[in-house]
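A single chain, nothing else alongside it, follows as C-alpha cells in the form predicted alone.
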Amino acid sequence: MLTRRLFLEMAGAAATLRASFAAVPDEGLRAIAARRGILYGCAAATYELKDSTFAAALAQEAAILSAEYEMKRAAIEPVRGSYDFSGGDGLLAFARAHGMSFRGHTLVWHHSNPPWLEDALQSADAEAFLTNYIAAVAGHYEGRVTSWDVVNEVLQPQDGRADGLRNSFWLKRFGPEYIDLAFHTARSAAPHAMLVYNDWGCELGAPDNDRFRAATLKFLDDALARGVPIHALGMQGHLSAFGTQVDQKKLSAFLEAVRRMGLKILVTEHDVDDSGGPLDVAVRDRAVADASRRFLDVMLDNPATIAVLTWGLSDRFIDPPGWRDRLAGRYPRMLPLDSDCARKPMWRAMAKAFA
C-alpha cells in the first residue's frame, strides 16, 4: 500500500534526481564527437556572434570554427594591396576564448574575389597577385589556423578538359600550375597548418557524381606524385533531403581510395537542403536527419575522417529563397539547430552518428 509518507519520500527522491540532472548541462556535439576522436564545428560570421542565444549555443556545440565569408578574398582585400583581417580576427578571438580550433577558408577560389582582381591578373607580374596574397593571409594566421582550404572547387568535369579542371579565370591565366603554386606558397607561409583541397560533388550517387569522384582521385593522385603538399581532402557535404541521395557503397569505396593515398578527410560545409519537400515541418526534419545520418555513417566509418563541420549551426540566419516561400511559411531547416537555437532531428541524427 502506498502510504502518504512513502509517497512524499518518493516525490522528494524524484525531485532530487531531477535537480541533479538539471545541474549537469546537456552535452553538445563537440563533446559527443570528441569521444570518437572527431572534431565537430561549423562556419559562422561575426554578426552572428552578437546574438547572445546563438553565441552560447555555438560555444556549447562547436569545437572548431570556420569563417563563412569573412576570410574570402573579397572581404580581406577589397582594395588592392590593403588587407582587412578584422572579420577573421573576430572569429578567431571567439574561438580561442571558448577553447575551439580555427580553420581558414579559403585562399584561392573563382568566386568571392574583389572586382579589381581579374583585370590585375592581366599584368606582367600577375603571379605576385596569387603568391603575395597567400603569403600575407596565411602568414597573418600562422600558428593560429589549424587547417587551410588552400584551393577551393577547382574541378568541373563538365567543362570537358581531360584533367577535369574547372575553366576558371585562374586556369586561363596560369594553366594548371597555379594549383601547385598555391599549395607550395601556403606551405612556406603556414608550415604548421594542414593544407586541404576542398570541393563538392563526390557525395551523392548520380552518374555526374561518379565522374566527379573519378576526376577527384586522378587530380589528387597526380598532384601528390608531383610533390604538391596536400594533406587532406575537404568534402563539403552539401546534401538534398528530397533530391539525389548518397550511395553509401560508392561513397565508402571513394573514401577508402583517398585514405590509401595517405590523406586525411574533413567534412567542411555540411548541410541538407530541404527545398522541394512538403510544408509539414516534421516530414522535412525527418528527411533532413535521415540524409545527414546516411552520409555521416559512411564518412565516420573511415578512419581517415578527422572532422565534421556544418555550414552554419542554426537556421536562424538562413533567409527563405523568395517571397513565395515566406508567404507559404516555408523557412529552410537545413542545420542542426532551428531558428530558436533548439536542437532538431538533424542534431540528434548527428549525435547518434558520432556516438
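Numbers for residues come from their place in the sequence shown, where the first is 1. From a predicted model like this one, the values you see are computed outputs, not experimental measurements.
Unshown form predicted together with a small molecule; subsequent notes refer to it.
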Handout entry: Touches the small molecule in the model of the complex: Glu77 (any heavy atom, 4.5 Å)
Key = no
Handout entry: Non-hydrogen atom contact Ser112 with the small molecule in the model of the complex at 4.5 angstroms
Key = yes
Handout entry: is_contact(Asp285, the small molecule) in the model of the complex, heavy atom dist at most 4.5 Å
Key = no
Practice task
Although the small molecule is absent from this view, report whether His184 comes within 4.5 Å of it in the model of the complex, heavy atoms only.
Solution key: no
Exercise for the section: Quick one: from Thr216, Gln236, Asn209, Thr146, grab the residue that has a heavy atom within 4.5 Å of the small molecule in the model of the complex. Expected result: Gln236
Exercise for the section: Just give me the single entry in Asn152, Gln156, Ser101, Ser240 that has a non-hydrogen atom within 4.5 angstroms of the small molecule in the model of the complex. Expected result: Asn152
Exercise for the section: Within 4.5 Å of the small molecule in the model of the complex, counting heavy atoms only, one of 125-133, 217-225, 67-75, 164-172 shows up; tell me which. Expected result: 67-75
